[in-house]
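One chain is shown next in structure tokens, namely the form predicted alone.
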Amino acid sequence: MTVLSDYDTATPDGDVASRPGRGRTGGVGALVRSLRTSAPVLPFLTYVILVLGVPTAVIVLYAFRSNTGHFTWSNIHTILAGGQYRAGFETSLKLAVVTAVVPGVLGTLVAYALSTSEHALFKRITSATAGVLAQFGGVNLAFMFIAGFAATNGIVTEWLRPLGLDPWNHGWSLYKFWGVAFVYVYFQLPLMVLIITPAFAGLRPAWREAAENLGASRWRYWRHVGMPVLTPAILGSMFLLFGSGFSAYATAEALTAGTIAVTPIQIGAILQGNVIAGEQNIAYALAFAMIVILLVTVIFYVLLRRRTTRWLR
């Protein structure tokens, strides 16, 4: 026996047939509901497509295009074969690694101090300060360090000179690689604190209590429980710092005026017209290579983040 619904009719032979238009109506209704649900997201998707998608497509297109409009590998070969562009990539990668590892380690220690501190006011002040300093960069940051650590009239330099601790007398320069790395640590360190602090908050007190009940010391707890759980989160945060240090432009440009060879500054110089004739598309090739490196960085971060959430959910 066939039970008919409110939307079905019976044929003369006793078969059940749906009313005409039922499938269309249901499909249209589902489409309307789907559009209504996703409508608030459409402005954001439009923004992402126009600001990120379209420029990325243009970069990929022109990275493999000659000045005559034909497909070519010469742009990629030019930036990888050697010379100033390859040196810029090597310097950028080295700078990114240094400014990811050093702030990563220091930021992890600060986050640990925050997680174990019992002073709520100290936690709020430190978190708020980290949020502000992580966004402080560019020309303002470069000017602040020039005023503080310049060789002749820097305020901090003048304080250190009578103590015999003037770093300029030991070969250090604010306008070279290690000087730029020193400045980058200023905003990379608070960024690491902001990223890794929630991971420390995700450690369950029951784990520590269980370890203590089994006779484990604090060191053994962190060695066998805390650090294995936090290691993916720490490494993932360092990958984010790597991407931030690799792509930073304004601070290094304002600090060194382009005297240090890093890829973002080289792209800016090409866009300003400082390029050999016939190599106008080199900037697109450099940007394409940066996109590939940052894409790999994001993939590693997502994989590590997925492993982290398995334990800290």
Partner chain sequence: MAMATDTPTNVETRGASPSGAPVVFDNLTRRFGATTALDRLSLDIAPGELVALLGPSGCGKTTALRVLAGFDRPDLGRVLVDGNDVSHVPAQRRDMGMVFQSYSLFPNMNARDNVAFGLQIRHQRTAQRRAKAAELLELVGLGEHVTKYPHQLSGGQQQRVALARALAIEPRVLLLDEPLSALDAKVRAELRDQIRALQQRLAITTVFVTHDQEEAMSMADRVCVMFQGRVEQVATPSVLYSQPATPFVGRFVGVSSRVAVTRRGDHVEVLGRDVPIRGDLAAVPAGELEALLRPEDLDVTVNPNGLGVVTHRSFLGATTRVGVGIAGANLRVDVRSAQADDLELGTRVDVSVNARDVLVTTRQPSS
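Residue numbers count along the first chain shown, from 1. Quick caveat: nothing in here was measured; it's all calculated off a predicted structure.
There is another form of this protein, the form predicted together with its partner chain, and it is not shown here; the text below is about that form.
A.B. asks: Name the single residue among 128, 214, 109, 165 that comes within 4.5 Å of its partner chain in the predicted bound form, judging by heavy atoms.
C.D. replies: Contact residue from the list: 214.
A.B. asks: Could you spot which one of 191, 95, 79, 229 gets a heavy atom to within 4.5 Å of its partner chain in the predicted bound form?
C.D. replies: Result of the distance check: 229.
A.B. asks: Please name which of the stretches 168-176, 131-139, 183-191, 218-226 has residues with heavy atoms lying within 4.5 Å of its partner chain in the predicted bound form.
C.D. replies: Going through the listed ranges, the match is 218-226.
A.B. asks: Verify the contact flag for residue 206: yes if a non-hydrogen atom of it lies within 4.5 Å of a non-hydrogen atom of its partner chain in the predicted bound form, no if not.
C.D. replies: Residue 206: yes, in contact with its partner chain in the predicted bound form.
A.B. asks: Any chance residue 151 has a heavy atom within 4.5 Å of its partner chain in the predicted bound form?
C.D. replies: The answer is no: residue 151 has no heavy atom within 4.5 Å of its partner chain.
A.B. asks: Considering non-hydrogen atoms and a 4.5 Å limit, does its partner chain approach residue 87 in the predicted bound form?
C.D. replies: Judged by the heavy-atom cut-off of 4.5 Å, residue 87 is well away from its partner chain in the predicted bound form.
A.B. asks: Residue 160 near its partner chain in the predicted bound form, any heavy atom under 4.5 Å?
C.D. replies: Contact with its partner chain, no.
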